[in-house]
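Take a look at this one chain, the form predicted alone, written out in C-alpha cells.
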C-alpha cells in the first residue's frame, strides 16, 4: 500500500504540474491536429487505399505528438535541482518511474482521445464501429510508447540536445509496438475484428508492454543514479 501511495503521489504531482501550464499537452495536441489536417488535403478520404494506411498515419502522429509530452517528464524537474531531490527522496526508483509513466500515459491518452475524432471526421473513418477494440489497441499501444518514452526521458534528461536525442533513441525501440498497433488499427478501420491471425499482433503488443515495463522497473535505479 505504501508503494502504491508513493506512485499516486508522483502521478498527481506530474499531472498537476502539467495542467498548470499545459505547455506539453497543448503543443502535442496542436501538432497532432495540424498533421492530420495537412495530410487530409493530400489524400482522397474516399479512396479505399487511404483506409489502408490511415491507421499507420494515426500511430505515426501519436508517436511524434507523444514525444512532446514525454520529453517534459523529467526535464521539468531540472530547475531548482528538483530531480536531485526526487532521486534522494526515500522512495524506490520504481515508484518514481511508475508514477511518472502513469502521469505521461494519462496526458498522452488525453491528446489521442481528442485527436481520434478529428481523424475520423477528416478521413471518413468509422472507428467507433469497433469502439472497444480500438480502445484496447489504443491503451496497449499508448502504454508501450509511454513506458519506453519515460525511461529514455530519464536517460536523456541531462543531455543538452535531449529534444533531439529522445526521439532518435525512442522510435527504433518502439518499432515492434508500433508495427502491432498499426496493423491492428488498419484492420479495425477496415471493418475487421481482432480475430484469427490478428491476435498475433495483439499478443505482440501485450508482450512488448510487459517486457519493457519489467525491464524499465529493474533498470530505472541505474538510469537515475548511475
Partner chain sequence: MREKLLYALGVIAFAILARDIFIIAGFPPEVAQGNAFKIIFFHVPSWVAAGTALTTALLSSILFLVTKNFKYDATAVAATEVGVAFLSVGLATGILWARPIWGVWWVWDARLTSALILWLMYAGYLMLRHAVEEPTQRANFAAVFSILAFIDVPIVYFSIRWWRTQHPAPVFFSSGGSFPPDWSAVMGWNILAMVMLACVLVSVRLQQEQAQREIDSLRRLAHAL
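Note that this is a predicted model, so its numbers are computed, not measured. Numbering follows the first chain given and starts at 1.
There is another form of the same protein, the form predicted together with the partner chain; it is not shown, and what comes next is about it.
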Taking the partner chain as it sits in the predicted complex, is residue 67 in contact with it (heavy atom to heavy atom, 4.5 Å or less)?
no
Heavy atoms within 4.5 Å of the partner chain in the predicted complex: does residue 60 have any?
no
Would residue 200 count as a contact of the partner chain in the predicted complex, using a 4.5 angstroms cut-off between non-hydrogen atoms?
yes
Please check if residue 8 has a heavy atom lying within 4.5 Å of any heavy atom of the partner chain in the predicted complex.
no
Contact residue in the predicted complex, chosen from 194, 173, 27, 33 - any heavy atom within 4.5 Å of the partner chain
173
Looking at 107, 155, 115, 98, which has any heavy atom no more than 4.5 Å from the partner chain in the predicted complex?
155
Are all three residues 1, 4 and 143 in contact with the partner chain in the predicted complex, where contact means a non-hydrogen atom within 4.5 Å?
no
